[in-house]
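First comes one chain, alone, set out as structure tokens in the form predicted alone.
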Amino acid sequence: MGIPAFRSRPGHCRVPAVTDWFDEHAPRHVRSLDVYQPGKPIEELERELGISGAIKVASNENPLGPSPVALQALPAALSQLHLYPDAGGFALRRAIGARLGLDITRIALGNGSNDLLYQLVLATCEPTDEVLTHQYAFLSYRLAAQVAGRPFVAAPTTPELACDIDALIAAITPRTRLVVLGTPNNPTGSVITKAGAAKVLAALPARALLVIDEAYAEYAAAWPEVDHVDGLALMKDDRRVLVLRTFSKIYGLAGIRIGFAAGDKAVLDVLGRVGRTFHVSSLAQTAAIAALEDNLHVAASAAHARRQLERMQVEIAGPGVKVYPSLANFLLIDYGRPSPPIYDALLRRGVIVRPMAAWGLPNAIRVSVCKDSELERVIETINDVLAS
């Protein structure tokens, strides 16, 4: 329960209501923040709506589940839960380094890659420094800047909602400190080409960093015929590049929150100065070390996503409907009309999608891949709602 507002009485001093205190005393940049609205658990939605067998395709989770190799590694770590985790994450950083051909000093761990993004803004940006991305990029890029009270700039996109490299470059100023690009991008699924990334780097001020968010990079690897930048390869050639990766998506470890940054050791040293001690749990580190070796799960998950996306792109259709191509594990679908009634109708029929109004796309929803046994129902339900 929240703290109740107190009303003044004769002879008593008035105690301000919580909202009064917030409006009067909270920092201006905090007052401007949107409150994150988490989705309700499936069980709660089923209870409220009187339905059963709901399918959640709203959060870009891996429908094949966690890496089996990671699950096998966890029981042995349970007896050590009375000990603090390795604050330096040495074993996991060594494993990542060996896997990617990087020195351990070029790897930093976080409570998910999103955690590292927030640290990066705090560690590198002066109060007037700008964080730059494009209009339909992942919401956390804006939130990371706003939470720290740093200016945020969103450049226009192409008509296909992809990053317009020339427009992005035109938005760079001497105050630009971080240029953050997701590839594949959430929620559009679009990618940055090799030439596009090189062009951004050529225009980047000497004091700025190019941050490439590769949360879905392992999914994009299933589309070798499509030109998209390899952030890790680019980072090895240019110290101004920092790459974010996560174990939440293709490895299926979203519930234990683990990700990493790869970049120049001087940048990561600054990053480490604002991080919290013991912020990556021992279970997360153990699972991630094991998951790195689970090539079968990665390959199966990537192939599964490509197969489902290709089918949905063909079979989801209707007047005015546009399905955007994606190299991730989700699709963006624009209906040409406001999506809240569509979202609500799908919800009541047990298909939980993500409406995109918060991204500035009021006519769109995002649909994640699902289990093969669920796909037919997801497609049929979406098409039935469209037809009605």
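Numbers follow the displayed sequence, beginning with 1. If you're wondering where the values come from, they're calculated on a predicted model, not measured in any experiment.
One more form of this protein, predicted together with a small molecule, exists but is not displayed; see below.
Which one of these stretches, 270-278, 306-314, 134-142, 285-293, sits within 4.5 Å of the small molecule in the predicted complex when only heavy atoms are counted?
Going through the listed ranges, the match is 134-142.
Check each of 157, 124, 146, 114 and return the one that places a heavy atom within 4.5 angstroms of the small molecule in the predicted complex.
Partner contact (heavy atom, 4.5 Å) among the options: 114.
Among 241, 215, 191, 179, which has any heavy atom within 4.5 Å of the small molecule in the predicted complex?
Here the answer is residue option 215.
Whether residue 119 contacts the small molecule in the predicted complex should be assessed with a 4.5 Å heavy atom distance threshold; does it?
So residue 119 does not count as contacting the small molecule.
Partner proximity in the predicted complex: residue 301 to the small molecule, non-hydrogen atom cutoff 4.5 Å
No.
Please tell me whether any heavy atom belonging to residue 150 falls inside 4.5 Å of a heavy atom of the small molecule, as the geometry stands in the predicted complex.
Residue-level check for residue 150: no, no contact with the small molecule.
Might residue 257 be said to contact the small molecule in the predicted complex, defining contact as any heavy atom within 4.5 Å?
Looking in the predicted complex, residue contacts with the small molecule include residue 257, since a heavy atom lies within 4.5 Å.
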